[in-house]
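So this first bit is one chain, no partners, the form predicted on its own, shown in structure tokens.
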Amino acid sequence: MVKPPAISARSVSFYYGEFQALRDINLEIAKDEITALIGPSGCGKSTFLKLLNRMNDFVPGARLSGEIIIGGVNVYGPQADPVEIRRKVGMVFQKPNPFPKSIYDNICYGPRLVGVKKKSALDEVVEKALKAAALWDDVKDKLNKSAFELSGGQQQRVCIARALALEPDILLMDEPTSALDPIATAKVEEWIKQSKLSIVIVTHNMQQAARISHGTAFFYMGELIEFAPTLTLFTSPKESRTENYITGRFG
């Protein structure tokens, strides 16, 4: 039985004022798989990623045409609740951005916002999220210490755990290892591969896309040029622009 896609983008175009950042994107992202978005800087991949949980709502003059369907709902339709969308579709950014709070309070931030008050329930959420982010053993004895006391790689995994605390269906990751050293990068990549979530990751690192993703989409100048299983895209791309990018002829 074929699983329905986690995300369907249908004829999506997006504008910052007069500038068209994305042109007629049609893309189905598989459920419970890792999908990488690659392409040169300014090609639209991070813009597309942020559309998936309405992060561009805050940009003056931004507008979208087309549909993005998640869980059977057009997330830009009149019935869509942006807060609920962001609960279901979590986000991890390029640089670790823990809140200036304890590790414990970082993880509890989202659950408290949605009404979880009981200490035992919060304790359970914190342990589960930190275990899921492969960080529990490192921090279980210092949960009341500031998240800023952790290493960069640990801070990024706190941010992953903070996103996981709301039990999202989908996790968006915008170059989540670009600020990390190779050891920390390997730990985050290992977590990504072990995860059971639908993950969409923007990366400039094509080796990373090849290592961790099931499918890869190549964006160029606001267009989706090619989308294929990762091995296929890297070994036998159909489009010459894809081949030129992955072989280093431009980008």
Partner chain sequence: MKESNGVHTINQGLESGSKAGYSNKIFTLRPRLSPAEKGSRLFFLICAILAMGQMFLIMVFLFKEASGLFISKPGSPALSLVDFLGRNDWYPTYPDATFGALALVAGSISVALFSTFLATPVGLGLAAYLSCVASQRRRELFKPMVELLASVPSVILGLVGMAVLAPFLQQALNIPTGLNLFNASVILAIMAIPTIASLAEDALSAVPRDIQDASYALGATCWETIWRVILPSAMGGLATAVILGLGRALGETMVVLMVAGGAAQIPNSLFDSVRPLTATLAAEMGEAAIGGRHYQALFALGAVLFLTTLAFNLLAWHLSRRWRGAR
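A quick note: this is a predicted structure, and the numbers were derived from the prediction, not measured. Numbering follows the first chain given and starts at 1.
One more form of this protein should be noted, the form predicted in complex with the partner chain, which is absent from this view; the next part is about it.
Output flag, Met55, Arg86 and Lys95 jointly within 4.5 Å of the partner chain in the model of the complex, heavy atom basis: Every residue of the candidate spot has a heavy atom within 4.5 Å of the partner chain in the model of the complex.
Interface membership of Tyr104, the partner chain in the model of the complex, 4.5 Å heavy atom rule: Judged by the heavy-atom cut-off of 4.5 Å, Tyr104 is well away from the partner chain in the model of the complex.
Residue contact check: Lys140 to the partner chain in the model of the complex, 4.5 Å heavy atom: No - in the model of the complex, heavy atoms of Lys140 and the partner chain never come within 4.5 Å of each other.
Interface membership of Leu113, the partner chain in the model of the complex, 4.5 Å heavy atom rule: Contact check for Leu113: yes, within 4.5 Å of the partner chain in the model of the complex.
Ala163: touches the partner chain in the model of the complex, heavy atom cutoff 4.5 angstroms: Result yes; Ala163 sits at the interface with the partner chain in the model of the complex.
Heavy atom within 4.5 Å of the partner chain in the model of the complex - the one residue of Gly71, Pro100, Gly77, Gly152 that qualifies: None of the other options qualify; the answer is Pro100.
Sole residue of Met91, Leu122, Ala132, Ala179 within 4.5 Å of the partner chain in the model of the complex, by heavy atom: The residue in contact is Met91.
Which of 210-218, 55-63, 184-192, 31-39 sits within 4.5 Å of the partner chain in the model of the complex, heavy atom basis: It is the stretch 55-63.
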